[in-house]
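One chain comes next, on its own, written as structure tokens: the form predicted on its own.
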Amino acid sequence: MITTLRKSVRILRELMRDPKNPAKRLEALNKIGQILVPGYRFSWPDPDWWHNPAFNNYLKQFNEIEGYNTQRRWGMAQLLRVIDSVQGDTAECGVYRGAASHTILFANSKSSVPRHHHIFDSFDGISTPVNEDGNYWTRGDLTASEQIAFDALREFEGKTFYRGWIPDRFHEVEQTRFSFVHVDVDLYQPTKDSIAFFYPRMNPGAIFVCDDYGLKVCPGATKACDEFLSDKPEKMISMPDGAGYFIKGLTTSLDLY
């Protein structure tokens, strides 16, 4: 630890010799990052969306302006643009504090197609992990009250909350067709139950997003998606920030890496 701190201090001293050079500051940050978290990869700090006022105000509302989810939040907003002409309602499994449902409801309010948003969550945190989930999670992690999500989404109409463990209340929408489904339940079994229920109810062109796909701390969610789609034409498209999605009716077969 002492050696690590000494290296970091030395790099900071080098930085202070030329504090007005952005490239040098980024280089120093990258070097310190490799010391503290070996293998971590920084990205270029100048994409246009980083400076989008409306998006940044949204992030501030959910205290995520400096969080780890910003790329996934922006990515999901872009995917919602794709389904604007696709018929069907929207759904989220695992709403937590409401950040993702806020984006979905905002998109619904602007859509050319009328939609209702269906929100499923226990509001008692995650369920009991199984062997496929590893040892990162414990029952009750990520608990947030229903009132927090309700208040965050108060401004929007066209939504229904379904409090309960997945899949206990899915039967209430079994006759509904969907254009967009966002699943963020972290674990194998509820992810498996979600994709199995919604897949046959998705219209052609609809998008299914698993927020936990491809994350080391959520091996069960990744496995559930890959297992279910193993005999389907669609396959998960892994995103660089850890999430994944597929488009109903779009065959995905080529695996480059």
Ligand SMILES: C[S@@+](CC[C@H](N)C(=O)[O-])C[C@H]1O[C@@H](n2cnc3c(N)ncnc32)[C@H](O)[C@@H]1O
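Computed from a prediction, not measured in an experiment: that's the story for all the values here. So that there is no doubt, residue numbering starts at 1 and follows the sequence shown.
Beyond the structure shown, there is the form predicted together with the ligand, which is absent from this document and is the topic of what follows.
Undergrad: Decide whether G158 counts as a contact residue for the ligand in the predicted complex under a heavy atom distance cut-off of 4.5 Å.
TA: No, G158 is distant from the partner.
Undergrad: Is F178 close enough to the ligand in the predicted complex to count, meaning some heavy atom within 4.5 Å?
TA: Output for F178 is no: heavy atoms all beyond 4.5 Å of the ligand.
Undergrad: I'd like to know whether V185 contacts the ligand in the predicted complex, with contact meaning heavy atoms within 4.5 angstroms.
TA: Output for V185 is yes: heavy atoms within 4.5 Å of the ligand.
Undergrad: Going by a heavy atom distance of 4.5 Å, is D133 a contact of the ligand in the predicted complex?
TA: D133: no, not in contact with the ligand in the predicted complex.
Undergrad: Looking at L153, I83, V173, I166 here, can you tell me which has any non-hydrogen atom within 4.5 angstroms of the ligand in the predicted complex?
TA: When the ligand is considered in the predicted complex, the option within 4.5 Å is I166.
Undergrad: For the stretch 78 to 99, I need every residue with any heavy atom inside 4.5 Å of the ligand in the predicted complex, listed N to C.
TA: Residues within 4.5 Å: E92, G94, V95, Y96, A99.
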